[in-house]
Every structure is written in structure tokens, then in C-alpha cells.
Ligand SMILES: Nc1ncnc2c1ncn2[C@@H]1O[C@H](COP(=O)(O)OP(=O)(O)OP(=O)(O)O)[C@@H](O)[C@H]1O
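In the form predicted alone, a lone chain appears below as C-alpha cells.
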Amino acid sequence: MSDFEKDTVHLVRLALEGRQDDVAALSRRVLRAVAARRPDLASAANGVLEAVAAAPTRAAQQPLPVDLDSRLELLRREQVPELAIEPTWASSVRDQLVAVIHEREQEDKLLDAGIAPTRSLLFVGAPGVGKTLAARWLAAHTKRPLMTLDLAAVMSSFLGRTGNNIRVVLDFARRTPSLLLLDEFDAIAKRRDDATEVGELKRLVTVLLQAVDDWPTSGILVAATNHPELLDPAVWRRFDRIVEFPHPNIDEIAAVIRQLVGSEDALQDVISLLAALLQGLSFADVVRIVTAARRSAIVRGTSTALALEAVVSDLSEKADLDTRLRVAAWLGSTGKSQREVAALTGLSRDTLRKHLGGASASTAKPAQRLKAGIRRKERT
């Protein structure tokens, strides 16, 4: 048989098995072949192709599955998510996410070659480093609804109900071209050798692994965990991509702050210093702290720069000596007196004179000291 005839046999088999998502994916290839081989049918084939492309939108309107006892919806659905600003990630993370987008843009070529695009990803990292945001970003850029598992609704006190809820969610998501996010994945995919877990959840892990293996190319499955050590060992080899989300470095923190407060020249020194002080925190923590400063500035009728200065001063009081000295150097560059700098940083005036020199903190070439201090911080 020719490739066209093989595709036709395969298409009929998938249809008889009720695998609607795979039928849609293979139909696109068959219809393109029909349009190429039969110009007289090209218009009709292209019309059906448009209908196939529109099918995910109609499917996304289906009622969400619910828990039979509580009647709570088991999924939260966002039609194509919208992001206020372009997220900032480490280059290693962004490269993998962008690669998934490029694969979906070339999906037809991959399928023609018998290769499926990335269907499943496992996101690993501490809370607040951007895992959930990355799932929303992928859904937005692949123009798919985002389906998020509602763990509170899924976890039932009735024996056997939790496993059934998970199966219902997986079946629904498989039939609906979308991006399914299984957040807190470790809660439902724990190690099967964990003696504290009941048999139901152990059986559920097997169901999840089979779902990852067989996930349709029309959808994307994303699992996210803060506790990778709790995952069953078999989980790791089932995902097409494993993306590790590190804590942001100083440059990435500074980029996030600029997105929030702007990039005016007058703010650059305080942004750089604040980024150094916030190193080690997550993106979520950085956004929370900077947003609180902006809120304070609006309520008090002061400038954003003054609000960020206050944050810098507060953080510096809790910091080590080297960090405090960098803060003192920057404060001196703003024209504050040595007495004011001492009060803001908690450093004695003798300490300031010893380490920064001169009668005033502003004579210590603070800009150069600030940059040098940040470089030392990055190296360590």
C-alpha cells in the first residue's frame, strides 16, 4: 500500500477506537495529501481542514467534569491565557519552552516524518520560580485552553473516588485539545514504595504513567512539582522533556524589577542594588516585594524611587557587612549625609569611615563600589 492508503487504514482504525484527538491530527495529513493529488477536491479538503482546526475551540466549551459527591469541578479552565508582561526565565528554561513552540509551529512536518512533537513536560523547581507561569505561557503561545487540575476537588475522602476523579480528568483532557497542568504532581505520583500510601494511590501512579506514555499529539501535558524527591522513579523517563527551574540570578531579578517599575536612568542604581539584595529569592518573592513598594508609593504620594530606597534600607539592615557597605556606598551617591547613611544601614560612622573612607559616604566613589560589590556577589 502507498503511504496515503496506509494513512487511510490508520485513520479508520483510530476512528473505530474513538481516539478523536489522534483522528484530528492524522486527518490534517490525509486532507493535505488529497488536496495535492486531487485539485478538483482541493477546495473541499481545505474546508474540512479549517473545520478540523476549529474543533479545539468547540471542544473547549464542553462542561467540565465534576466530583460526584461534592459536585465541584475537577478542573479550572482558561481559554487561551493572556499574560500582562513577557515572563523572565533563565536561558536554559526559555530555550526549552521556545523549542516546544517551534515544534508546534512545524507540527505537520514532524508528523509527516513520523515524529511526534513534545507532548509531555515535567517542571521541577522551588515554589515561585515560574513553573505555573510557564504552563500559561505555553498555552498562550500554542493557542490552547489551559486546564488545571483542582487538587482540592479531586482528592476525595471516599475510598476509590480520588482515583476515579483523576481518570475522569485525564479522559476529558485527552478528548479536548488543550494544555493540561497537573500542579503539585508529587501529591498524586508519589513513590510506589512509600509505605504510608494506600493501595489506591499506588495504582493511580500506574494510570498516570500510562497516560503520559499515550498522551495525544493534539494536546500538551505539563506536570509540576516542588518536591522531585517524592516522585516515583518511573516518572522521570516517561516525560518528553524535564525542565528544571532555578532561582533567578541578579540580572534576571533586575529584569523583572524593570518590567514592574520601568527602566528610567534615575532608577538604574537602586534597581541594581535591590537585585543584589534580593538574590536567592524566587521570582514570586521579587514581584511581591516590588509590588508592595509600588503600592506604598501610590498610597503615600511619593515616588517609586523613594519607595524602592526604603526597601533597600530595610533589607540592608538584615544583611551582612559586605552587603551593607554596598548599600551605604549607593546611599552616599544620592547625596545623603554620613549620619543619614548610618541611620539607614545600621552601620556606625566609624565603620563607614574605615571601609568607605573620607568624612562623607559620598566621597567613596559609590557607583564603582556598587558595581564591584555586585560582581563579587555574582561570583560567590
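Residue indices: 1-based, along the sequence shown. Please read these numbers as outputs of a predicted model, since none were measured by experiment.
Just so it is clear, the following notes concern the form predicted in complex with the named molecule, a form of the same protein that is not shown.
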item: Partner proximity in the predicted bound form: K190 to the named molecule, non-hydrogen atom cutoff 4.5 Å; value: no
item: Close approach of L278 to the named molecule in the predicted bound form, 4.5 Å, heavy atom; value: no
item: Non-hydrogen atom contact T88 with the named molecule in the predicted bound form at 4.5 angstroms; value: yes
item: Distance check, V256 to the named molecule in the predicted bound form, heavy atom within 4.5 Å; value: yes
item: Listed residue that, although the named molecule is not shown, lies within 4.5 Å of it in the predicted bound form (heavy atoms), from V129, L274, L180, L122; value: V129
item: Proximity to the named molecule in the predicted bound form, single hit among F239, F283, F172, W215 (heavy atom within 4.5 Å); value: F283
item: Listed range touching the named molecule, judged in the predicted bound form by heavy atoms within 4.5 Å, from 88 to 96, 202 to 210, 299 to 307, 110 to 118; value: 88 to 96
item: Stretch 214 to 241 - residues with a heavy atom within 4.5 Å of the named molecule in the predicted bound form; value: N226
